[in-house]
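One chain is shown next in structure tokens, namely the form predicted on its own.
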Amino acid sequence: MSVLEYIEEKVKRKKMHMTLIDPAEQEPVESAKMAYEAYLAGTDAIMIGGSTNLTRELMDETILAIKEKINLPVIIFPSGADVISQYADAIYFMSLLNSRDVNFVIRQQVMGAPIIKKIGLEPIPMGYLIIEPGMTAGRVGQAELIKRDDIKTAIGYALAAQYLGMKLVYLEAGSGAPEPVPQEMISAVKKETDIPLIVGGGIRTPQQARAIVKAGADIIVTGTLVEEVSNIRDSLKKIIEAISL
């Protein structure tokens, strides 16, 4: 079963949780410990990536360390073609659709495609949309941020992603955002599209996670949380239980 098939089958039966780990924030052995705690909490997949200070060597070392500890899909959440690792199970082949810089819309993908083909890595086409405040992801990606009350634009981008053949759409408030993507926007995008909807950024509590899946998210992503809490397993377990109610 491909990773995309795994995701598509899972979301038919339940809401999914993915843990985002930024290899630039700690040593590979520590990233592996974080992934193991997330695995014990019940997360469905590990996403690996970050906006700054990443190298392919660091990605390789981190992914290998994680795969020694757990048996879950490890998916690259790429900042560019230069961080593609042969050791991952899949990569989000994603376009930052609301970037002002064509580099993030298509040029990095053009550079990365031959690498992905050569190493046999599974690409998962995804439309990536950054919502206010955007945080570092918005700044680095030069995003023309979608305003929190601009539901019409969010729908337009999400539908464009679907009609372009992308298999997932991701609404991102930015790692460390003070608030998640608005529930009204999530509901509207979910109503108008037919592909799985991922929501990330600013999700810190079980209550927020529950509200986001009730609004329509199929998959939620937490990242900053695992860097900040002292007990990753307990914190994530509460969030994962909340989205399963």
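All residue numbers refer to positions in the sequence shown, first residue = 1. These figures come from a predicted structure and were not determined experimentally.
The same protein also has a form predicted together with a small molecule, omitted here; what follows describes it.
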The small molecule in the model of the complex: contacting segment from 193 to 201, 62 to 70, 208 to 216, 25 to 33, heavy atom within 4.5 Å: 193 to 201
Interface membership of S235, the small molecule in the model of the complex, 4.5 Å heavy atom rule: no
V221, heavy atom within 4.5 angstroms of the small molecule in the model of the complex: yes
Contact flag, G138 vs the small molecule in the model of the complex, heavy atom cut 4.5 Å: no
4.5 Å heavy atom contact, V11 and the small molecule in the model of the complex: no
Candidate from S99, S175, S85, Q109 lying within 4.5 Å of the small molecule in the model of the complex - any heavy atom: S175
